[in-house]
Each structure stands twice: as structure tokens, then as C-alpha cells.
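What follows is one chain in C-alpha cells, specifically the form predicted on its own.
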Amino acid sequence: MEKESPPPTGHLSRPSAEASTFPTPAGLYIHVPFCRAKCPYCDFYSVTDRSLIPEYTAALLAELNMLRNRVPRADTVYFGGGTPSVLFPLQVAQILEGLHACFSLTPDVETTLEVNPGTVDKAALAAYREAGISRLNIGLQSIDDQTLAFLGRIHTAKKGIDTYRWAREVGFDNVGLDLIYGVPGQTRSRWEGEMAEVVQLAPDHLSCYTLTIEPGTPMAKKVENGLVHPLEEQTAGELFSATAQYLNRRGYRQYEISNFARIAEGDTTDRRSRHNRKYWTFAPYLGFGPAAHSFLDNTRWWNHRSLDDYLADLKAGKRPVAGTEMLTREQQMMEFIYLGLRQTDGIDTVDFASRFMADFADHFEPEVTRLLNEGLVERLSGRVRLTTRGMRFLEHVVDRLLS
């Protein structure tokens, strides 16, 4: 769940095959569209027929070859899903070999694998590390068995904690955990109790997401039928604020709306997700696999959200692209504002002026002044960023700025 990228908004021309002009190293994203079971709240694309994994792997390697050297260099690889840990370590190793053959990866490449407890044992984690995975992101989601059952997870709290400990025991020194809060009936004290137990484990990174009822999911149908009653918006907002306050006081620096990196005393290691930051900073990235998105030279394209269509195109020797769009200057500005405000560093007004040859104040005053007076944003060293209170109202702030 850690991954995020801006949604596509249109269908225009396909990107050219020429090398990118981006000086920033790219990120490479691999979407693994397989799960043992579908979680009722999740709307990421996946299927449960794992018999197709060998065919998918062969198709993926073909897709990598089609974009060979499309970017000059890459310094992150991220296996997301779905459930990437349903792949055998040998299959992960095969994909990594394909990436190394097709792209110039930096020596310090950050290679992340999303892992769901209940799909791996200690030996598998050791084999992933041997294959070249340097960072794990474990879908813990909760350490409360009642919450895990509500979320439809296949693991228990004990299995989730065991998975984390196995990762440490086999030598992973960069491990992140995903958590979901804001489930029906959850109180601040109960949520802080969960966070206390998680913080004691000392993960390097935490992604904390408010439960969102996505349209079309089984969870949404339960809400429609009155079987599930979501938390009141006010309560969910209070839990959001409590999360940031609690973790910031305990050595986890919030650097994006939902993401926190551990800061150890006397340690200069940057534990922020290098890959995810590409999505929020206009860095280039290439996505492979069904439903994967790519962004390069202000062009975005996305693959078929269907494993069958994906496999069919590659079998026919075609790239599995479902649509593309070239971002206009106005769209780029909009995304710059939205993605900047997602980050605790906020919007760099100097970078805005350099990128768009326009003064930030000319475009967004006096609305920024009104937001300042309402305590929703603040100015600091040439930046405009959300206050802690303002983070609860990100969409509202963005709508006002862009109106």
C-alpha cells in the first residue's frame, strides 16, 4: 500500500521511444497482480489465479526489454501489488536480472519488495535478500486480531510480528510497516495502544493510512447495505492528528501525509522511501505490469488494468499501453501544488518559479493569505506548507488554491 501516484486524466499521444531528458535518476515500478485472497477494502488491481504467474513473468520480462534504456539510469526498484511476496524468490531474482540487463541501475539502488504476512516464512525472506532485495515493506495493517479479521487479512497479529522479526533476523536493515486506522469503533486510546506496540519494534519506516471506503469494493457494498458504519469524519480527523503527534514525539518524522521515517539519535541515515518520493517530486518513473503507471518528460501512460489484455498484447509483440496523456502547463501546476502540499516540506516557491517561469504569489495570492489567517498553511524559508491542522483538510486547501 505504500505506493502512490497521480491518477491519469486523459488519453492523448503515446510517448516517443527516445531517451529521457530528465537528469534525475528514475524509479522502476513492478506491479505484481496476484493475491492469495482479495481484501474487502482494497481497490488495487489483482487476481487470485496464481497459475498465471509463470506466463506473467515471461510477459513482464518482454515488457522490460521493450523499454530497454528508456531512462539513462534508475536508483529505485519497487515491487508492489497485489501481493509481490506470492512470487517465489527465484522469480523475483529473474525479474531483477531482467531489470539489470535492460536498465542502468545505480550501485546504491533501493530495491523494495512489498510483503504480506502469511505468504512468507523466514527462509523465503532470506532468499529475497539473497536475490537482491534491500528493503521490505510489510503489510502489517494492524496488530489487533479483531481489526485484521474486519479487514479480511489472511494473517494474525502474531504472524505479522513474526514476519517483521524474521526480516531483521535474516539481515534486512531497512524495513517499513503499513498500518491502517480509522476502522469502525476505533478510539484514540485503542489506536495509540497499537502504535505504542509497533514503535517498540523500531521499524525504519511507517505508512499509516486512514481506512478509505473505495467505490465498488466489497467493503463499500457492506456500507451501502448498512452492515458497516464508517467512523464519523470528525473522529477520523482526530485520529489523523493523533497519529502525527504520537509518532513525531517518538522519533518518527512525518515527511508526507501518510508516511513517517525513523530518526535515530546520532544517525544520519535517510529512512524515507526513496521510490515513493519520486511520485511526489515530479521525478521520472517507469511502471511495468498490469495497471502500472509511468511518467516521463511530462507524459503519463498506463497499462491495461486487466491481466488478460496485458498478456495478450505482449504475446502479440505490442506494448500493453491502455492510454497516455501529455500534461499541459496548467495540469503540471495543479499537480505541483497538490503533490507539494502532500509533503511536510510543502511547496518550494523558488522551484515553482524556475519550473513554470511564473511567480507563485502572482498566481495564488490572496488565497494563501486567507489560508494563513485560518491556520491551514504557513510560510517558512521560501515554502508554503500545510500546518498540522491543515493536513486534515488537504483536499479543501488544494481546491481553494486551484479555484
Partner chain sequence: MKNIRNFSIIAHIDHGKSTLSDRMIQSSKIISDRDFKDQILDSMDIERERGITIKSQTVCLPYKSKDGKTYDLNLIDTPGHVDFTYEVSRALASCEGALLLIDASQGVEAQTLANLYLALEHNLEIIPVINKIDLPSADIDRVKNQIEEDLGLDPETAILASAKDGVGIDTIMEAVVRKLPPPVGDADAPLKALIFDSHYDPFRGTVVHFRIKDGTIRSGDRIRFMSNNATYKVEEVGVFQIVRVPKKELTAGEVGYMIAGIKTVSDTRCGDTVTHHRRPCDKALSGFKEAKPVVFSSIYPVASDAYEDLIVAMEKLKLNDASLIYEKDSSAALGFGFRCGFLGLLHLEVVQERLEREYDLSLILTAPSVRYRLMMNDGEERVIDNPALYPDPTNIEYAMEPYIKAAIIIPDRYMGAVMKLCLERRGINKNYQYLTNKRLEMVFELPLGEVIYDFYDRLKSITQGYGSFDYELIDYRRTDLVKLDFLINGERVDALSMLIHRDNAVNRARIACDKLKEEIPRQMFKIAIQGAIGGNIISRSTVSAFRKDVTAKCYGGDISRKRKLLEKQKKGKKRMKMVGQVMLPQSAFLAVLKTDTD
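Positions refer to the first chain, counted from 1. Given the structure is predicted, the values throughout are model-derived calculations rather than measurements.
The form predicted in complex with the partner chain exists for this protein as well; it is not shown, and the discussion that follows is about that form.
Asker: Using a 4.5 angstroms cut-off on non-hydrogen atoms, would Asp43 count as touching the partner chain in the model of the complex?
Answerer: Yes, Asp43 is a contact residue.
Asker: Is His293 one of the residues lying within 4.5 Å of the partner chain in the model of the complex, judged by heavy atom distances?
Answerer: It does: once the partner chain is placed as it appears in the model of the complex, His293 has a heavy atom within 4.5 Å of it.
Asker: With a cut-off of 4.5 Å between heavy atoms, is Tyr164 one of the residues that contacts the partner chain in the model of the complex?
Answerer: Heavy-atom contact with the partner chain at 4.5 Å: absent for Tyr164.
Asker: Even though the partner isn't displayed, in the model of the complex is Gly237 close enough to the partner chain, meaning a heavy atom within 4.5 Å?
Answerer: Judged by the heavy-atom cut-off of 4.5 Å, Gly237 is in contact with the partner chain in the model of the complex.
Asker: Since the partner isn't included here, can you check whether the partner chain sits close to all of Thr83, Ala149 and Gln245 in the model of the complex (heavy atom within 4.5 Å for each)?
Answerer: No: no residue has a heavy atom within 4.5 Å of the partner.
Asker: If contact means any heavy atom within 4.5 Å, which of 307-315, 196-204, 324-332, 104-112 contacts the partner chain in the model of the complex?
Answerer: Among the candidates, contact is made by 324-332.
Asker: Using a 4.5 Å heavy atom cut-off, which residue among Ser142, Thr76, Asn259, Asn116 comes into contact with the partner chain in the model of the complex?
Answerer: Looking at Ser142, Thr76, Asn259, Asn116 one by one, just Asn259 meets the 4.5 Å heavy-atom criterion.
Asker: Among Trp191, Tyr128, Tyr285, Phe288, which has any heavy atom within 4.5 Å of the partner chain in the model of the complex?
Answerer: By the 4.5 Å criterion, the partner-contacting residue is Tyr285.
Asker: From first to last in sequence, which residues of 334-357 have any non-hydrogen atom within 4.5 angstroms of the partner chain in the model of the complex?
Answerer: Met334, Glu335, Tyr338, Leu339, Arg342 sit within 4.5 Å of the partner.
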